[in-house]
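Take a look at the structure tokens below, where one protein chain is shown in two forms, each on its own, as structure 1 and structure 2.
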Structure 1
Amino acid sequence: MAFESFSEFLSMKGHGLYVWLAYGVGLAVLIFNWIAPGLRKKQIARDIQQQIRREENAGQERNA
């Protein structure tokens, strides 16, 4: 498919908004699926560390 100019390529004969939004949403989903597991892993590690500290503090209070 040949276009006369770059602006014509972007508009894609009136369908550009739909096409570029679809690409943008697809790219956003891919980026989210790439980043989210790492963020979740960090949160889980923090939660586990907090739980360990609470259990250690509770054990120390019982022994005191």
Structure 2
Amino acid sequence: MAFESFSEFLSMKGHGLYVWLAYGVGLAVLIFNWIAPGLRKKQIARDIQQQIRREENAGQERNA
């Protein structure tokens, strides 16, 4: 451990604002990028499913 106490770790001996600002924004960017493709995939899958259903309905109507 490079720090004597937890409060010293939080204050970073005076540089807390800078260190935590950098890591806070950094983490936010990393997590955003991490989850973005998963959400996009769900969206695409939903669109394709809808498309399949539409085509199936159209096929049934034609048969009826």
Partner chain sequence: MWQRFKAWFHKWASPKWFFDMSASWMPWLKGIAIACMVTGVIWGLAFAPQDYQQGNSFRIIYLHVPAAILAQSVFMMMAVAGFVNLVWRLKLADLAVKAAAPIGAWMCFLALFTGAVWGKPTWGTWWVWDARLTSMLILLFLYFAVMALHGAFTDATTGGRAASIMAIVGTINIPIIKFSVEWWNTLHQPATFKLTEKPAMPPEMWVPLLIMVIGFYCYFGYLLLYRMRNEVMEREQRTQWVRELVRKGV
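Numbering runs along the sequence of structure 1, starting at 1. No experiment lies behind these values; they were computed from the predicted model shown. The term rigid core refers to the maximal set of C-alpha atoms that superpose within 1.5 Å between the two forms.
Looking at both copies of this chain, which one is the form predicted alone? Only structure 1 matches the form predicted alone.
When the two forms are laid on each other by their rigid core, does G26 show a Cα shift of 2 Å or more between structure 1 and structure 2? Shift of 2 Å or more: yes.
Relative to the superposed rigid core, does I52 relocate between structure 1 and structure 2 - that is, does its Cα move 2 Å or more? I52: C-alpha displaced by less than 2 Å between structure 1 and structure 2.
Kindly check if the Cα atom of K41 is displaced 2 angstroms or more between structure 1 and structure 2 relative to the superposed rigid core. The answer is no; the displacement is under 2 Å.
Once the two forms are fitted on their core, CA shift of M12 between structure 1 and structure 2 in Å: Looking at the C-alpha of M12 between structure 1 and structure 2, the offset is 7.7 Å.
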